[in-house]
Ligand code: MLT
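This document opens with one chain alone, in structure tokens, the form predicted alone.
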């Protein structure tokens, strides 16, 4: 199931399941995670679709390369990844940073998107305060390593109840953060701080869009999701109850149900054309 290909001269690791001729669904993980966060989604989709999850440059088992990280570079990687796999059009599901990547890529090549799922993400750039916080985090990690950063991150990533009900997932995310190279985390934090807003481009999106958010998401709250859903023509907003920022891990059943419902609608609309 795990494969590796070269994308823009860089090794990219990915999982692929399902039917080769079925509608491809590409999952893009958040920061600083890996493709492994999507295992339950790959399993839920494999009988009807062609689900794929890959490691963003510098994360998981994908190479980092020497180029400065940016959301635009990550988006170019996504589109080149589709080219190498000969995927003309796919539904793309991006969570958090994955959403930033998807929104950047759809501006570059809108015809490559059969649909878009924006999970626990937003369209705004960092505020000056947010940017300054990332710069301080970079300095802190370079001096002290990842242990404290990982613990502080967990507090914001999960809904309070998940620390009891989803202990394995919390352990998994802690392990994933600690397993990501310090330098890759710092380079990605810089890319997140430097990213441009995409709110002004939302009205131009023609693909079907589903915006998903956890009811207890502290990082990208419901208001941020609502703002995107209101700005994208025909977009649907789904709130996953009792979930924080990692809806697909905290409430996988509810998340998968919504994804499958959206994909079935996309497929039905394709058949009508």
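Fair warning: this is a prediction, and the values are worked out from it, not measured in the lab. Positions refer to the first chain, counted from 1.
Below, we refer to the form predicted in complex with this ligand, which is not included among the displayed structures.
Only one of 235-243, 27-35, 200-208, 50-58 lies within 4.5 Å of this ligand in the predicted complex by heavy atoms, and it is 27-35. No member of the trio 5, 14 and 79 reaches this ligand in the predicted complex with any non-hydrogen atom inside 4.5 Å.
Of the residues given (39, 231, 219, 64), 219 alone sits with a heavy atom within 4.5 Å of this ligand in the predicted complex. Taking a 4.5 Å heavy atom cutoff to this ligand in the predicted complex, the contact residue among 187, 134, 174, 89 is 134.
Though the partner is left out of this view, residue 96 does reach within 4.5 Å of this ligand in the predicted complex, counting heavy atoms only. In the predicted complex, at least one heavy atom of residue 192 sits within 4.5 Å of this ligand.
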